[in-house]
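The chain that follows stands alone, in the form predicted alone, written as structure tokens.
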């Protein structure tokens, strides 16, 4: 992300931003179209939130009305006159995002925007980020090690391992069909009965029996056969891999390939 903003020079390769190669010459045209929050926001603690935003506004050449609009977007209007040093961590993150939004960028780059926040703060920042493409018509690039958050936030993802892109595409492109998991009173007995009836059993572990995902129209028949046989059924669910599980599988596979090579 620092390379995308010209803060770090790549050792090899090229960077392209907003449709054109990024260089010292093009940076003056490209960077005004980009907003960013890298690591943690920088501000003057002895100034209010509004005063901090006004400094950035003047640097970016944005109109005075942009400050009020940014405060409203990140829901800091009521705290605009409060000293920035008195802000909570979540409020500081929102102030940083407000600074990045000044100048009406086409692209917003956020590095670990929920880092260090409590669950309520994470939820607040997540919902704010999700709303920005709809309310401001911009693209948001987010980096995070909290894959459960990315799963709830992004529609297009990239998985990077040791500097190499292992996957880039839609989140749905990583989703598998999942498995049908039955939690039962007696898994071994139920599995034997289902096999005898022609159902495909993939695994029996503890009180769980795992099958392939059958069409919905077959599920009532499956459940009825176990109820009629007196099998106690606690739960019937389709279980899919999480993004974290997919990430671990892809990175472990890449490391195996590297070792083999």
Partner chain sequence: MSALGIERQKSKRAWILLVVAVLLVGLNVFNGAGNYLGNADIFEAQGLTWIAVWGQAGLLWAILFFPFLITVRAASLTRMEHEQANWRRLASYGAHLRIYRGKIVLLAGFVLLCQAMFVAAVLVVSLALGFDLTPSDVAAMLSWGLLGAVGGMTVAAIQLLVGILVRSFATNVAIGLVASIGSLMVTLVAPLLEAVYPYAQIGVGMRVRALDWPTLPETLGYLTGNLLLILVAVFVGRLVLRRREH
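Numbering follows the first chain given and starts at 1. Values in this document were obtained by computation on a predicted structure and should not be read as measured data.
What follows is about the form predicted together with the partner chain, which we do not show.
- Residue contact check for residue 99: one or more of its heavy atoms lie within 4.5 Å of the partner chain in the model of the complex.
- Among residues of the shown chain, residue 225 is not one whose heavy atoms approach the partner chain to within 4.5 Å in the model of the complex.
- For the chain shown alone, residue 210 is not a contact residue for the partner chain in the model of the complex, no non-hydrogen atom being within 4.5 angstroms.
- The shortest heavy atom separation between residue 221 and the partner chain in the model of the complex exceeds 4.5 Å.
- Although the partner is absent from the chain shown here, none of 80, 112 and 130 has a heavy atom within 4.5 Å of the partner chain in the model of the complex.
- A heavy atom within 4.5 Å of the partner chain in the model of the complex is found for exactly one of 205, 42, 64, 200: 42.
- Checking 191-199, 24-32, 213-221, 229-237 against the partner chain in the model of the complex, the stretch whose residues place heavy atoms within 4.5 Å of it is 24-32.
- Residues of 211-235 that come within 4.5 Å of the partner chain in the model of the complex, judged by any heavy atom, do not exist; none qualify.
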